[in-house]
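Below, in structure tokens: the form predicted on its own, a single chain.
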Amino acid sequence: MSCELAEKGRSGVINPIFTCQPCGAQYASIGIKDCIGIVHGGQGCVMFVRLLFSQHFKESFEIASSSVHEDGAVFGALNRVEAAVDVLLMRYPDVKVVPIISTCCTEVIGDDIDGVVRKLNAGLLKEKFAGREVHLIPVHTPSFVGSMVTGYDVAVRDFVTHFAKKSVPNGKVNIFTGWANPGDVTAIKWILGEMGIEATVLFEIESFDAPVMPSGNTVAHGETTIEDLRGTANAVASIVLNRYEGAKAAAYLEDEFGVPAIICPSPIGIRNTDILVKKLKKLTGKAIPDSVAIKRGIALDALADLTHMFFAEKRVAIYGNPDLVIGLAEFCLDLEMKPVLLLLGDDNAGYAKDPRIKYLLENAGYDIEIVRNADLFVLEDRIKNSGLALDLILGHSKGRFTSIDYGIPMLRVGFPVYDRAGMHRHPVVGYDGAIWLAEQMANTLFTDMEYKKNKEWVLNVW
């Protein structure tokens, strides 16, 4: 039996699982109300990221670019930041938060975005925009290290660091959702609401479904306010739902303001959702109401209908954001499935120390490979050249061609999903998420059985 955490084993990337750090910083920025980020780099650093967001959410988002060209890449381009801030504030009179997000190009040439922020605060903002509340926040996200996951984590920390301010205790719990979908935020807020817990949900992206109204279309944006961010320093505790997507901010609040940081396993599946609910109960003293217990019971019933009959021994490959991948693997194990290949798409050295990964490797009971710094070519290589047999693939849309080419059914989970409709509206977390995930996995397997005429008699009414 072989259970290992391995490296990709070759240089270069073929069909990456993730995009780069600035994408994560941009995703965090669109979760803040009255915020438009300026990405200091070439226009493509915004255009392609906005395209991913628009494909995934089917919405439009406002993100700006300093539009660095060849001359700036050689001689420096801080003048482009100054011009971008000036134009942005003139064009959008309601904007209050402007992160300056660096990219590989501007980090390599050494543009001092911290220095230009100090210069603008002392000059342009006082001279031209006097009396207006504007927060310029440098966010360092060079694209040559990390991924969109680490970029999100860094940006969340930088926003909290900038705004958090100690005052009167507010009795709230900070909930760092991580790189979530609107459906996930809805599921978490439902649990909080049923338990009567006041919380600051960071970042509040439930409103990403922008309505079409008689008065005209609206642009999608998050609802986390400056006051929400300031109040994080006065919370009872911070609960991080995804270790790699919010832990830096929670650690800062703990070190600077004494707000306890609680790192939960991603609340995917019954077991991990139970852990979250119990932590909320212990932290706040709130009872678990019947409504939550009933929802849990419905989820258990839904899983019992499927687990042994249809899921047992099914072999699964999973790729995507690390917390999502690990949470899905734990859920699959609870469903008697075998996650045999987990692909983690960046170079985070902390994976080797992650207790969840250690547990998976030590208790799998079958061959399992977890690949760090992986790309999607690893998935194809294992199938084509190593004879890896799979019943199901879980991951975002970029793996679709492997699914098609090798005839392996695939459920779209994660970011980005652009070849299925409305997936962002459905949760993968909480008890509702457990139901949705299990039923979608089952339906994906059922469709494949019918298409291939493979044991479709199992679906018959006897």
Partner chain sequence: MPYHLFKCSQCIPEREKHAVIKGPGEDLSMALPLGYLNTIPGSISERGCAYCGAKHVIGTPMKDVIHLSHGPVGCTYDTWQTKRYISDNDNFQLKYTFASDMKEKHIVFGAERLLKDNIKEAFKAFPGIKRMTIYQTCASALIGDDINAIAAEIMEDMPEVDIFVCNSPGFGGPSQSGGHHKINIAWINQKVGTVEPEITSDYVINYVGEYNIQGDQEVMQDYFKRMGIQVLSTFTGNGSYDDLRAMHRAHLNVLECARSAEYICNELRVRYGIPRLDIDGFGFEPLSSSLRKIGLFFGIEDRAQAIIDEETAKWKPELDWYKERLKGKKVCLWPGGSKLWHWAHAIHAEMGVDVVSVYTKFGHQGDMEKGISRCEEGALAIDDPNELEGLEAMETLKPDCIFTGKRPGEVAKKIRVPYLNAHAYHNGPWKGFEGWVRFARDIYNAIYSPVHQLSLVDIRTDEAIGDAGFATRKSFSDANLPEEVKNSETLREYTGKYSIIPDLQAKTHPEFARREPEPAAV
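Numbering follows the first chain given and starts at 1. Please read all numbers here as calculations on a predicted model, not as lab measurements.
Beyond what is shown, the protein has a form predicted together with the partner chain; the following relates to that form.
Although the partner is absent here, residue 58 lies within 4.5 Å of the partner chain in the predicted complex, judged by heavy atoms. Among heavy atoms of residue 34, none comes within 4.5 Å of the partner chain in the predicted complex. At least one heavy atom of residue 214 is located within 4.5 Å of the partner chain in the predicted complex. Proximity of residue 377 to the partner chain in the predicted complex: non-hydrogen atoms within 4.5 Å are present.
Proximity to the partner chain in the predicted complex, taken as heavy atoms within 4.5 Å, picks out 106-114 from the listed stretches 106-114, 285-293, 359-367, 324-332. Contact here is defined as any heavy atom lying within 4.5 Å of the partner chain in the predicted complex, and by that definition not a single one of 170, 202 and 272 is a contact residue.
The contact with the partner chain in the predicted complex, taken as any heavy atom within 4.5 Å, belongs to 87 out of 300, 122, 352, 87.
In summary, among the residues 304, 251, 219, 312, the only one with a non-hydrogen atom within 4.5 Å of the partner chain in the predicted complex is 219. In the predicted complex, the residues of 10-32 lying within 4.5 Å of the partner chain by at least one heavy atom are, in order, 10, 11, 12, 13, 14, 15, 16, 17, 18, 19, 20.
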